[in-house]
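What follows is a single chain, given as structure tokens, in the form predicted on its own.
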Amino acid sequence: MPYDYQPFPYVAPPGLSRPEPRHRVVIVGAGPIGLAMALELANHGVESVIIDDNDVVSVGSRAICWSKRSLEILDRLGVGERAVEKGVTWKVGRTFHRDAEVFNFDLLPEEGHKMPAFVNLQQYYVEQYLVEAVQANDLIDLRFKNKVTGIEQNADFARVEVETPDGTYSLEAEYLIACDGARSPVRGMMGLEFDGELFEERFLIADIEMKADTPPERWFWFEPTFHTGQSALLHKQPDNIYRIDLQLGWDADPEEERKPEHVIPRIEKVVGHSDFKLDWVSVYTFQCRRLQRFVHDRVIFVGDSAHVVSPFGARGGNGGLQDVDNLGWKLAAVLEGSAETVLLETYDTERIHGTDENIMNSSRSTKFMTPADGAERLFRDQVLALAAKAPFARSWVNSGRLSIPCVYPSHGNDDPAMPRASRPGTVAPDAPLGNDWLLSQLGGRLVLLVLGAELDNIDGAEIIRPEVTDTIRRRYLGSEQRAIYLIRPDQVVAARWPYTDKTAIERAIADIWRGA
């Protein structure tokens, strides 16, 4: 059955009848990023208020491809296993040119990870699960039908004016986090603009309900016979819902293309029959843009309010969750007084680094999928022809480089002889530990992962000593017999040593909190 959209209850906020005390954090936007932000802060003991002008989850599937890293983050927030259980797990992608398969790929060929490579799950389910987790958390005050109409910054707090069905009131917060999407009202009120590239290309998204015996895979077509000269994409979702993306061209009229009388014939050509129901339709324009800065004193931008990318590669929602992962522990440390505000500058620099990587990959995908006449199209067509015959050319085919976490620039100690998969700046790779998983023991605090080495207690970090299994040896030791890893609260490797150097370890811990 199609999703049953039920409105969440509106409750008159206390600010309507009396001034509210200054809050630590106010989050604008109760989409998946704003909700995840509140839960991540709560994991660090920080209270927050979420305000949203809507009272229902997002209509339509919207973000559907949740990467392994996003699932690991959602797992830490308490909804990862639920998302995997409901979602359609996949790791194989197939690329076609016209009617012939050019090649396929496996995103997770190696076992030993709790979370799969990708899960397809409609955004409304993710929002529902996050809302339910938020409502069960005493540190979070979620307010629906609360619309921000004005914003003011001061030296040590931000103030927002909020409109409700019962009138208006003001909220003050030490920090305000804008998670209010690509059309961010907060960004507009502050007079901030995106920089970047708007592509002259439009795609149709359609969710259809049908019964079909298709495998859980990603299928992408260049110039299919059912959609001549354009590109198409098919994803399977839960509840017999299928996502179909169809390239339309820049001259297409978005309003006309959304009409069922235009959409249905197109879909019939894709699936080869008319035995389906149209569930949701949208038309979008490719764009790859971002703010110059994400941190603006007491206002911090996260997710689509800070950056937008073209959807192929699943880097939008996944990139937003990586923002949450990076910011949560840093803001908590600043609010608790264990770090100076300079630590927030590392959110700005690291997530701009991640965003620029996403924009680069997304821009390249867009230009390969929708080449301009001339050299771009000649190159694309020749690569597709060659890839069908020569395996070395298949990596040149670009139908969306699928989301993986970036590697942050690192100044931490490293030994190049140790495995690249766990070098500083990377997310610590998972590994099975009996009935548990390594990542379940990391995250939320600073950890020293001690593998076969001797190390006394060190102030500022918790020591864990897991059994050195074959998987841990392969992913963390390589040819070394022992190692010590410093893991940040967001499960990112900060530094590593193949020997015990207590002075260097203490210095590395201090550098993290200094934002060095």
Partner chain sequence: MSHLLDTPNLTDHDGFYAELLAAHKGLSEPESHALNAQLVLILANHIGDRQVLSEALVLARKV
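Computed from a predicted model, the values in this text were never measured in an experiment. Residue numbers count along the first chain shown, from 1.
Only in words, not in the display: the form predicted in complex with its partner chain, which the text now covers.
Q: Pick from 393-401, 407-415, 155-163, 82-90: which stretch has a heavy atom within 4.5 Å of its partner chain in the model of the complex?
A: Every other range fails; the passing one is 393-401.
Q: Contact with its partner chain in the model of the complex for residue 235, defined as at least one heavy atom pair within 4.5 Å: yes or no?
A: Answer no; every heavy atom of residue 235 is more than 4.5 Å from its partner chain in the model of the complex.
Q: If you check in the model of the complex, is residue 368 within 4.5 Å of its partner chain, heavy atoms only?
A: Yes, contact at 4.5 Å.
Q: Taking 4.5 angstroms as the cut-off for heavy atoms, does residue 375 touch its partner chain in the model of the complex?
A: Yes.
Q: Is there any non-hydrogen atom of residue 339 lying within 4.5 Å of its partner chain in the model of the complex?
A: Contact with its partner chain, no.
Q: To verify the annotation, which of these, 199, 194, 105, 379, has a non-hydrogen atom within 4.5 Å of its partner chain in the model of the complex?
A: Flagged contact: 379.
Q: Given that its partner chain is left out here, which of 332, 208, 431, 383 has a heavy atom within 4.5 Å of it in the model of the complex?
A: Partner contact (heavy atom, 4.5 Å) among the options: 383.
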